[in-house]
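One chain follows as structure tokens, the form predicted alone.
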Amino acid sequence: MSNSSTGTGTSSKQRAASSQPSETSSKRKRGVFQKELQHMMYGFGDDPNPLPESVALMEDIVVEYVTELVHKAQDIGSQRGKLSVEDFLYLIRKDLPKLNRCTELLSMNEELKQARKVFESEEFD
């Protein structure tokens, strides 16, 4: 029994149960987030140099999660004709720690933009 992952109508549970790699994992460049994930894994209590297999597994999980989140946000955004930050916030609205962290990072980003604007305007005066 062959399970091809064409990406149409397959859930993450179905792809995880399949023995074949998902469509996104077979087309993407591996190891792009290796250093960042090693640092994050160490920060969360893993060894300073985790096994390469562990890092690869974490990368696969993270990339699959982000890819699914983006696809869901695109579905929501396509109803209005554009993708926005609010689409992502809507998707994580029930996960309060993620929602709070995202809103915190978004507000810090706005503060940094304002500070840069003030700094650049002072440079020209």
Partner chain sequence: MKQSKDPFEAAFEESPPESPVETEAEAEAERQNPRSSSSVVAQPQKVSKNKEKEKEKEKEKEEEEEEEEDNMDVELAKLPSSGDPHKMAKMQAILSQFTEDQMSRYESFRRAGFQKANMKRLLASITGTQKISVPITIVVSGIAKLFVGEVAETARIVMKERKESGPIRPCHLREAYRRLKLEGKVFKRSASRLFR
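Model, not experiment: these values are computed from the prediction. Positions refer to the first chain, counted from 1.
The discussion below concerns the form predicted in complex with the partner chain, not included here.
Q: Whether residue 101 contacts the partner chain in the predicted bound form should be assessed with a 4.5 Å heavy atom distance threshold; does it?
A: The answer is yes: residue 101 has a heavy atom within 4.5 Å of the partner chain.
Q: Just to confirm, residue 39 within 4.5 Å of the partner chain in the predicted bound form by heavy atoms?
A: Yes, residue 39 is a contact residue.
Q: Tell me, yes or no, whether residue 71 is in contact with the partner chain in the predicted bound form, where a contact means a heavy atom of each within 4.5 Å.
A: Judged by the heavy-atom cut-off of 4.5 Å, residue 71 is in contact with the partner chain in the predicted bound form.
Q: Do residue 109 and the partner chain come within 4.5 Å of each other in the predicted bound form, heavy atoms counted?
A: The answer is yes: residue 109 has a heavy atom within 4.5 Å of the partner chain.
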